[in-house]
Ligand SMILES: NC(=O)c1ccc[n+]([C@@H]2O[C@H](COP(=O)([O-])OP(=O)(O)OC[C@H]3O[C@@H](n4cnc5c(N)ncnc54)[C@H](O)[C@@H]3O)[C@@H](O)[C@H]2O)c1
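A single chain comes next, written as structure tokens; it is the form predicted on its own.
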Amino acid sequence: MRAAVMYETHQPLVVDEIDVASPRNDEVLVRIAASGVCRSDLHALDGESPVAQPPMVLGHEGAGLVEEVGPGVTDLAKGDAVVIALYGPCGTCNECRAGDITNCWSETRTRNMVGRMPDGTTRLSKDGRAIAPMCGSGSLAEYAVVREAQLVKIDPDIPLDLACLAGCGVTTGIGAALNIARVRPGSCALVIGCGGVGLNVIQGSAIAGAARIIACDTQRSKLDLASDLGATDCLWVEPGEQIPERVKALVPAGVDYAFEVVGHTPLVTQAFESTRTGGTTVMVGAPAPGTTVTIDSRVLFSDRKLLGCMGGGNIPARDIPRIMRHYQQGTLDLAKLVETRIPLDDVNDAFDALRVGDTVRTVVQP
């Protein structure tokens, strides 16, 4: 099959012919219809991801049709439409057995993160050399072999070039609002960074019933889209400008919830300082490893909370169907999130667009 392979970091992906083995026990072969290109893919290509080492097929926002099922697969059949989730819980560790699925850190999940099956192998190779799929997905390819636990069956009437975004960006943004912050009806939220994930934090906050949603970005075009997707106030800021001053000109006491969706630790501090006493800040962006967040201890003492957020605290079997229902009901807009659709051969154009920052999501259709 053809796949976009990262053979080296800091180099363009190579669309190459590689071998894909048949699915084994509890595994499924998916024919990829569409894959979003996420900033986490760019972090991998730039050598900034702790879970991505070459050679690797990038992509982790995939959707497609089941092509073949391995032994032991009971809930999926050939032709089913599926979304590939960020992870698949093991179902057997203490956390999973207690219902705390988001905190499953079994060997199954940790190997999944680096693109390995529970036994440490991968179904992808080139000339006998193993190739890992990013996050167990590797969706920038014609096919992916995925654990059944990492797949969520969806209504076949939902366009797969939209459904694929639920694999990461939409799930993370919606989950940050609904699962991590637990935004309350009538509250006020601030979203710093209106890219693909930030726009979904806005949509999630609107779904939760926030009365006021302040979108903040350095690009006016993203703020225009934020307004379309539920932001009630839009703050255009210069790089380096102090955001808390601008926010408190609108909400003197500070916001109830602040979301940092850029991955820049000084902005986490500014998000925190924009909240009211008793407010909550969620760090949704992924800062570079080794960076630190500086918080004034007296401000922290005033009953404010700072929360981490990995993947929106999502449980695939719960959250992806919820996202699909909101889409079908018209309370979640997926179409506005997709700016460009390109073939697999042009995959590096999607990474160039991410570096410039002038697009929300590019969807690759193998």
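Quick caveat: nothing in here was measured; it's all calculated off a predicted structure. The first residue of the sequence shown is number 1, and the count goes up from there.
This protein has a second form, the form predicted together with the ligand, left out of what is shown; the following refers to that one.
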> 190, 209 and 232: each with a heavy atom within 4.5 Å of the ligand in the model of the complex?
Replying inline: no
> Do residue 277 and the ligand share at least one heavy atom pair within 4.5 Å in the model of the complex?
Replying inline: no
> So, in the model of the complex, is residue 311 in contact with the ligand at a 4.5 angstroms heavy atom limit?
Replying inline: yes
> Taking 4.5 angstroms as the cut-off for heavy atoms, does residue 123 touch the ligand in the model of the complex?
Replying inline: no
> Is the gap between residue 198 and the ligand in the model of the complex 4.5 Å or less for some heavy atom pair?
Replying inline: yes
>> Within 4.5 angstroms, counting heavy atoms, which one of the listed stretches 295-303, 335-343, 40-48, 25-33 is next to the ligand in the model of the complex?
In response: 40-48
> Which of 77, 250, 237, 253 has a heavy atom within 4.5 Å of the ligand in the model of the complex?
Replying inline: 237
>> Just to confirm, with a 4.5 Å cut-off on non-hydrogen atoms, which of 146, 168, 202, 181 contacts the ligand in the model of the complex?
In response: 168
> Judged by heavy atom distances of 4.5 Å or less, which residues of 258-273 approach the ligand in the model of the complex?
Replying inline: 261, 262, 263, 267
